[in-house]
Each structure stands twice: as structure tokens, then as C-alpha cells.
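Let's start with one chain on its own, the form predicted alone, as C-alpha cells.
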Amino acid sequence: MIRIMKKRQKKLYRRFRMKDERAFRKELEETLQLNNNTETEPFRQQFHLTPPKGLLNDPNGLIQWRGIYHVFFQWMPFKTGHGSKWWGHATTKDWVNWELLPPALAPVQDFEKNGCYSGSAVVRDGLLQLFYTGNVKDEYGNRSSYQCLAVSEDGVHFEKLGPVISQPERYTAHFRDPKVWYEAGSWWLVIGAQRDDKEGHVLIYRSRDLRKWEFLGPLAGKGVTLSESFGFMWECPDFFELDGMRVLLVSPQGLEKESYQYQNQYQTGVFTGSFDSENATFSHGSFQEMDKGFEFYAPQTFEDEHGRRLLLGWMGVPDQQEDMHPTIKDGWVHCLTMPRELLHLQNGKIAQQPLKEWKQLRGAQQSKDIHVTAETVEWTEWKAIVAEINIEVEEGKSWTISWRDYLTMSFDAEYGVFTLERPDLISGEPAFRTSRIEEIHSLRCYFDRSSAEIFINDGEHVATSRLFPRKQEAKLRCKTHESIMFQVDAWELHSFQWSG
């Protein structure tokens, strides 16, 4: 399979370089059909964006334009490792029916020759405009970073206009992932950066025309809004308003693990507070992680035409057992999360909820009250492994729920601790992610063929993880050491519909 895939990848690249779009689209469609066989690829996702081949990571350029949602993503089409990234491109009108388009950006210019890294999209003067980081390395591996612009009249073909922002003084070449928006009569841009003393920062810029940018300085980080060190690099910043609350969404690298925090290799979370646009200053509270699972990183948000603040993330973490994912033998690795709507909660917290459009995927339904009394009960009637399963649980009780003999969710009511458990991808020994949750009354679980997204208490807490169970059968087991009732509603979920 790998040898066949490499031949296809080389052909794909040649057709892209020849600008033979019809042949390119046909090759994408054939590859997608080849890979979308769950008998030969048991972990191929059914309702998550996955690459037809190669490696996928950060979502980029999320936007709704002319009624169509555009989802770009970091893509290495020729291998399942990181390298000179492209921008993959998929579109949808309803989040169920998708079209896979030719990549929007490929690293073919000198200012991007080692990768078209992450960025964002805006619309101005009727043009879709992509901002991204051009990554360049010399023969000795020394890096340079350029913030670049590409524009499109049709949302498919992009003209590159080259760099518009260069690396500022006192910062290293780890300077990437521009996020652009319009506010208070100006265009604004935040970007992740590393100061020359190896401290992570988010920088802020302002422009009138998206071409000439004024550097306003650091927006957040040590010595600006924090007194202590908080990681050596801040990636993929996003800065937006949610119900009058200002949110800085960022993925810091280099945080030390704590009892119930920072348990992945790198983290993603939010600072919430207020923004003074006149002085370009941000006042905020403490950092709050957005996800308590094994794989969640580099999310991006945007506001759609309904006024919703939507988010997609990468269901992966850099440098965290990536080379152990079993999909690599099938020629691809990683996926994006489900799209989620962000809602403001009390005390600066943010809730994440699945989009209402996801109900379109629902098929056959079953409901059951599972009464457990100091034993393990299996729901034998349920057979679908691609499913939405909503569970109402009694408050004040401790319990354990397992899925497919692979993923275990448990709650200790006495100490207020939620635990997610799955096998370590290298050793196979149990691995854990724990979080403090005072009480749990509901779990809304979305299970794809190789992932779980668990929305706890209506999305007040979320846990996202990849799953790679050997047994291709659905097993939902409930266990407790006391009498407890689980009220379960479940739906079989249909697959995305693709066109190439």
C-alpha cells in the first residue's frame, strides 16, 4: 500500500505543477475512494476531515464566504511525517456534504520553500485573502519566517503576493501563524512568537489596507501580561470577542505538567479579559485549558453568517507518539475535530457544543435505562461503532463507563475527579488524563472509527482523543460500586458525503 501511495503522490505533485486541474481533481477523487474502505482501513474516519493521503495538522483559513464554509489545513501530501507543508482545501455548505479541492497553497516560491505554514483568511474588496507563514531554511538548517499574502477571486485559485511582514527585532525565527480580523476601523493581526530569551509571546499588528502593517508590540506573555515564564513558544493565536468577553486562544509549548493540568506534550487554552484597541493592550485572567483528552491542539475559530463563533482543532499533538498511529501503514495520519460552537459561561469559562447541523448525520436510534447495582452491565443491543451516545447520570455517584474495550471514562464523586484512560500507543500500558470536575450530570459522546469527542455537562468540559481498538465491535459497559441509573440515548451516525 505504501509503495502504491508514493507513486500516486508523485503523480499528484506532477499534475499540480503542470496546473492540470481536471486531472488533479480526478486523482484526488480516486485516492479518496481508494482509501474510504473501512474493511481495509478500519480506522478511516467517517465524519471527520482526514487527508486522502499523507499528514494533516493545523486547521487554517477558516471562513464562510458566499454561503460556503472553507476549511484549509496543513497538509504534507507525500509522506506521513512533517515537512514542507501545503494548504489542503475542503468546502461545505452544510457540514455534511463536502468537496475536496486542489490545495490552495504549495511551497514553490523562495519565500516559502520549506513550507506554507499556518494562517487565516479574511475577505476584502470581494477577494478571499489568505495570510500564512512562509518557512525558509538555509543549507545549515537556519530558519527564516515571512508572513505572506495570497488572494483569490473564486476561492479556488490563489495568486501569491509575497511577504507583507518580516521578523521583528528581539525575536527568533519562531514567528508564525498570523490570525487577521477587522475591528474599530482597522485590520488587526496577532501572531505567535518566541523572544530571543526563549519566552513565548503573542505579538499584535495593525493595518489600513492589509498590505502595510504597523508593529504594535507584544500583546501577551512574560513581561507584558504575565510575571512568570509560560512556555518557550506560543503557537496558533486567535483573538476574538465572545459575548462581550475578550478571548486569546493560544497553544503554548513548554509548560510543566501539574496534577490536573498540562498533561499532554503541548497544551491549548484561553486567557479571557478585556482589550483596549486604542492602546492595543490586553488585560486577562489565568490560563484555562480547552480540552482534557489526549489529542487536541492548534484550534482556530471564525464567525459564520449566523453570528456563531465556530471552532475546529487538530486531533493531534506535536511530538506526542505521532509515529505510532496505526493509520500510517495505510498512508495517512491525523484528522480535524468536529466543528464546535463556542458559548460564554460564567467566570470567564467557555463551553463547546457540537453544531446543530450534526443531527443530519443521525440514523437509527435506540434508548435504554441501564440500572447498575455494584456490578458491570453491558448494553448488548447496541451494535454501531460510529455513533452519538448521550448519557444522563445521577449526580453524587461514582461510576465507570468503557467503550469498545479500549476507552474508559470514570468519575470519582468523592474527590471530584474525571479520568480518561486508554492504552499508551507505544507500551500498551494504561495511560491517563485526569481533571477536576465538581459534578457530572451528562456525557455527550461522539464516536468515529478512531476517535472520541466527549462533551461533559453540556460542553462545560471536553475531552478529545484518538482511539485504535483492535476489535471492530461496539461495547458499552457501565460499572459502579453502588446503585445507579444511566439513561442512554444513542444514534448511529452516517458518513460525510464527498465529491472530488
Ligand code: FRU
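This one's a predicted model, so the numbers in the text were calculated from it and none came from an experiment. Heads up: residue numbers just count along the shown sequence, starting at 1.
Below: the form predicted together with the named molecule, not depicted.
Enquirer: Consider the chain as shown here, without its partner, and state which of 340, 292, 176, 334 has a heavy atom within 4.5 Å of the named molecule in the predicted bound form.
Expert: So the residue touching the named molecule in the predicted bound form, by this definition, is 176.
Enquirer: Taking the named molecule in the predicted bound form as the reference, which of 118, 194, 145, 267 has a non-hydrogen atom within 4.5 Å?
Expert: None of the others qualify; the residue that does is 118.
Enquirer: Check whether residue 451 has any heavy atom within 4.5 Å of a heavy atom of the named molecule in the predicted bound form, and answer yes or no.
Expert: Close contact is absent here: in the predicted bound form, residue 451 is far from the named molecule, nothing within 4.5 Å, heavy atoms only.
Enquirer: Since only the chain is shown here, I'm wondering whether residue 465 would be in contact with the named molecule in the predicted bound form (any heavy atom pair within 4.5 Å).
Expert: Because no heavy atom of residue 465 falls inside 4.5 Å of the named molecule in the predicted bound form, the answer is no.
Enquirer: Does residue 235 reach the named molecule in the predicted bound form, with heavy atoms at most 4.5 Å apart?
Expert: Output for residue 235 is yes: heavy atoms within 4.5 Å of the named molecule.
Enquirer: Mark residue 302 yes when one of its heavy atoms lies within 4.5 Å of a heavy atom of the named molecule in the predicted bound form, and no otherwise.
Expert: No, residue 302 is distant from the partner.
Enquirer: In terms of non-hydrogen atoms within 4.5 angstroms, which of the given stretches 220 to 228, 240 to 248, 293 to 301, 392 to 400 touches the named molecule in the predicted bound form?
Expert: After filtering at 4.5 Å, what remains is 293 to 301.
Enquirer: In sequence order, which positions of 309 to 338 have a non-hydrogen atom within 4.5 Å of the named molecule in the predicted bound form?
Expert: Counting only heavy atoms within 4.5 Å of the named molecule in the predicted bound form, the contacting residues of 309 to 338 are 314, 318.
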